[in-house]
Every structure is written in structure tokens, then in C-alpha cells.
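In the form predicted alone, a lone chain appears below as C-alpha cells.
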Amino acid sequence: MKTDRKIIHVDMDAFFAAVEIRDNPQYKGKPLIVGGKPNSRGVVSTCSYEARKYGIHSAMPSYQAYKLCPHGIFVKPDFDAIKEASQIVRKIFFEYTDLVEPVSIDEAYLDVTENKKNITIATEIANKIKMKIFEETRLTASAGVSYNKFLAKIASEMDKPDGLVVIPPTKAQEILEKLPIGDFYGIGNVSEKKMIYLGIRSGKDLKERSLTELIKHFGKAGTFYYNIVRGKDNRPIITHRIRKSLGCERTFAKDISDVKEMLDVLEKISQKISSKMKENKFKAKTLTVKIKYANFDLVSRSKTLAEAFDKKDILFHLGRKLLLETLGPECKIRLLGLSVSNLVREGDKINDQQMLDFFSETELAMGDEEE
């Protein structure tokens, strides 16, 4: 087990909400919910810590958030301000190291084992990064420092907001054994419920299970669980991400059954995806239509062509064909979406995938969904 690396995980605090509060001081200290309107089928992107006290969290349906906190303030994300802040934060990271792995728009891993400032103490670097982020954006971030990505991520969650936690090799086992199983990064809700059913409620319980038993119950993920509870994680910092797909979907305010209305939406989505593909100079070979019916049944249909494409007309006509083949008689739908995959970059071999800088990818993702 390698313990000589110095990894920092930086996570912006309630990022979307924090940007809104910074730019609109009247929201400070109030339950702010950023995302869909309270009477819509949108979802919560993030919320202030005051709103979290009511049980509101990211990805929660907006109408449910409204039921929990009817006096909450609901606003749409200001993507221009969010992107600007993200770019500033990113530049700060690269002042210290080129080994930066963005995980999402508001968090990243940094390997500072060797760094541009020749600072030997990773905690000092983490503190300087936090201070500079606040100086340049007036936003706070939490940071975790350890010898691998998993432990750095765990550390950054332990003292939010505006925290800085270090997990040295000598303390890792003690911390992991006391950690509730739901707080292990990489263990989702389904696995957590299964573990609790099996009597695994803490890191100590997990560590007592054999590798054979964990693989039996969780498949390949069992090996990951076996290692992380022992503080083992040799994953490198990945400085580029490969985009494997690009999607756009529309959730309707009311269920619709009019096929013409569906096709109108499909055409707009096709144009949007086509524009993004051309803008970023990649094409696709596979198109997928996604439909969510009024009863929440989710269906998707895909078609792969021999030649890569990026034209709106191809996207629309292929999507139209898949949609009409999938729709049942007198069906009402609540969501309609398109996505492309098997992405290829212009001039590359047919199976190459488009490599995108994180913030370019984030820009695509942020523009993909409509209310």
C-alpha cells in the first residue's frame, strides 16, 4: 500500500447556492433552493445549508423540496456566474500542480506530491488554495488531505463547510473503522441498504468480512469495498476525461400525448445536440431516444449507423423513427430525451473517442437539460 503520495480533494461548499448568495446578499441566512421551480417537475441542483436542515438535498424533486420547506426561496442557477467561478478555481489549482482531476464542476483531486511551489507539506498547500479561492471568488471550499483519493474525499466531507481535514496513514484505520457505512464514498444507497441487511453498519463491520464474501454479495465492487476499508486506493490522478456520450432531455410541466408536440420538442433537442457536436468537433455513430411515461416507466431505444454523424436532420429523422416505433397507442409521456454515443473526433479513426477538457464538458452538461 502506497502511503507516500500527497493527495488533496477540494470541494466547493454548496456551490450553486453559494454563488447566488454571494451575488444576492439578501439570500444570506435563508433557505435557498437552486434548481427547478417549486410547482414544476424540475429537481434541486443544490441548496444552502439552511435549506438542508429541512431535509432538502441535491437531485430531490422540486415539488418535494417545496413540501419540506414552503417558505424556501427557489431560484434558477446562474450558469454564467457559476462557470466564471469554476474557471477561477481551476486556474488556482494549476498554480500548484498540473496533476488535477476534475470530478464535477465543483470538486477536484490534486496530486501535490511534487508541486510547482516546492512546498513539502500538503496541508499547507490545501490551506493556501482555500484562502486564494476565497480571496478571488468570495466563496468557501472544504479540503481533505491524505495519501490516496478515497481518503482525501472522505476527509473533505468531515468538516463542512469551509473545513480542512487531514487523514495521515497512522490514523486511517481508526477513522475508517468508526465511519458509518453510508459515509463511505463509492457505496451508494442500494449497496448501503444491502450492507445494513447483512449486518454491515460501520467500517469495522465491513473490515471483518472476507474478500470472498464481499465478492459473493457485491460482485466486482466487493474487491473495491475490501480495499477501501483498509485504506488501499492506488488510483492515479486522471487529468483528462473521455466523453462517452452527450444527451439532452425535456421534462414536461404536464404529461403530453400529442405526437406533433413531441416531434417539435425532438426537433429542438436535435438542433441543440447537433450544435454542441459541431462546436466541439466530434460526431457520433449511435443515437438513443429516452421516454418516461406518465406512470414513470422508462424506455429507451437505440440505433447505430455505419457512418458517424452530427447533422441535425439525421438526429431528428432517426430520433423520430425510434420515437414512433416506441410509442404505444394513446400514451402520455412526462419526459423525452435524445443522446448520442460512440463519439468520434474529426480526423480520428472510427473508434477513437473525443477527449474533452473538463470545463468544456461541464459547459455541455449544463446546457443539456431544460425544464
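Throughout, we count residues from 1 along the sequence that is shown. Since the model is a prediction, treat every value here as computed from it, not as a measurement.
The same protein has a further form, the form predicted together with thymidine-5'-triphosphate, not shown here; the description that follows concerns it.
Each of D11, F16 and T46 comes within 4.5 Å of thymidine-5'-triphosphate in the predicted bound form, counting any heavy atom. In the predicted bound form, no heavy atom of R201 sits within 4.5 Å of thymidine-5'-triphosphate. Heavy atoms of R250 never reach within 4.5 Å of thymidine-5'-triphosphate in the predicted bound form, leaving it off the interface.
thymidine-5'-triphosphate is not shown here, but in the predicted bound form it comes within 4.5 Å of a heavy atom of S58. Proximity of D106 to thymidine-5'-triphosphate in the predicted bound form: non-hydrogen atoms within 4.5 Å are present. Out of the listed residues K311, K332, R52, R320, R52 is the one that sits within 4.5 Å of thymidine-5'-triphosphate in the predicted bound form by at least one heavy atom. Out of the listed residues R301, R243, K160, K76, K160 is the one that sits within 4.5 Å of thymidine-5'-triphosphate in the predicted bound form by at least one heavy atom.
In plain terms, the part of the chain that comes close to thymidine-5'-triphosphate in the predicted bound form, with a heavy atom within 4.5 Å, is 38 to 46 out of 24 to 32, 332 to 340, 62 to 70, 38 to 46.
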